[in-house]
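Only one chain is given next, in structure tokens, and it is the form predicted on its own.
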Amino acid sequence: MSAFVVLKAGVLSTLQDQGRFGYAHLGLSQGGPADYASYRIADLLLQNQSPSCQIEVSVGGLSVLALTDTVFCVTGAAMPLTVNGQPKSLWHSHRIKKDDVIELGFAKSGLRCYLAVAGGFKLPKDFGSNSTVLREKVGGIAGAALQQGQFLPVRSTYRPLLWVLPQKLWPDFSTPLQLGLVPGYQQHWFDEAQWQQLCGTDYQVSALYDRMGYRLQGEPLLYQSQALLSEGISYGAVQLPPDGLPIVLLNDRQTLGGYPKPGAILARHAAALAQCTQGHSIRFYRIESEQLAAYQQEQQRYWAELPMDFRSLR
């Protein structure tokens, strides 16, 4: 088995696989890729047969040295990518040789990139996952962000073809974001006027955002608070603290919480939210439960058909 070496760790780079499930009763967060759509496309471009361990690069500045010949790709935020100083395209698998250096600049649009290799990085798992949750010091390497000089083992893996996602299919992380909100069982705690305000307000991402959740700013939603015991929190849950400003909870959310929740946003929209930075415009729209089946079918169709849009190169 060979490896990559971290030359520069960047602003914040962590190892992430599909996430950690089945351990919430121990207080362990889900973790996993904040933008799972970009993460999953990286695996598809590399023809990885199962969800791999990848590097999630937040903001940028990562540099790694390859100690083996292999294939890699970078998906997600618009970060300048070079190999040995030569510009390379995102959303495109590339061959590299031993002693090549991969560098990522800083994001021009979006926030997080995924650097994936054929076969994935091969490190020991904590509680069934490589996903790093910094707050809990679990996953990755000693539960911490990547550091200069660390070795990231990989198996040299051959791929006969390289694959490209056509540019017309690249996500645009700069446009205002519409978040589909599915009402939850506390939906009736909010009257129709409050729902209209929640879905009629242009919110902005505040300065308080990270992998745990995104606090929004805008017109506060005034409501009569009720006593609520702490309960499990789902991915994408929208909770309303006493100040009336929504918080959308993401991968590294706490496992329990006691604020009222009108509902949860669609998973694909939660992934897109994770690419936003301070000031990004957000608006909710309501999705009724009977519309969910159509959404799920559309998502299944999207992932089944997406590889057919890839272009191949030798």
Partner chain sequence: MIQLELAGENALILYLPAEISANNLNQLQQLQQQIRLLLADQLQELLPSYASLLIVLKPAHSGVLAVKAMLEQQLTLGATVSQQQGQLVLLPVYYHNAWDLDAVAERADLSTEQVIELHQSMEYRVYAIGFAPGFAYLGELDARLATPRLKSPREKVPKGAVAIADRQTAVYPAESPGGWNILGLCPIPLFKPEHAGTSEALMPFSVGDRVRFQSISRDEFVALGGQLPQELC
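Nothing here was measured: the structure is a model prediction, and the numbers come from that model. Positions refer to the first chain, counted from 1.
Omitted from view is the form predicted in complex with the partner chain, to which the following refers.
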Exercise. Using heavy atoms only and a 4.5 Å cut-off, decide whether all three of Gly22, Leu26 and Leu256 touch the partner chain in the model of the complex.
Key: yes
Self-check item: One stretch from 82 to 90, 197 to 205, 184 to 192, 169 to 177 that, in the model of the complex, holds residues within 4.5 Å of the partner chain by heavy atom
Solution: 184 to 192
Quiz prompt | Option touching the partner chain, based on a heavy atom within 4.5 Å in the model of the complex, out of Ser109, Ser230, Gln147, Ser225 | solution = Ser230
Quiz item: Using a 4.5 Å cut on heavy atoms, which of Leu44, Ala267, Ala37, Cys276 is close to the partner chain in the model of the complex?
Solution: Ala267
Quiz item: Quick one: does Tyr295 come within 4.5 Å of the partner chain in the model of the complex, counting heavy atoms only?
Solution: yes
Quiz item: Is Phe127 a contact residue for the partner chain in the model of the complex, using a 4.5 Å heavy atom cut-off?
Solution: yes
Exercise. Please run the contact check for Ser156 against the partner chain in the model of the complex: heavy atoms, 4.5 angstroms, yes or no?
Key: no
Quiz item: Is there a heavy atom of Ser50 lying 4.5 Å or less from a heavy atom of the partner chain in the model of the complex?
Solution: no
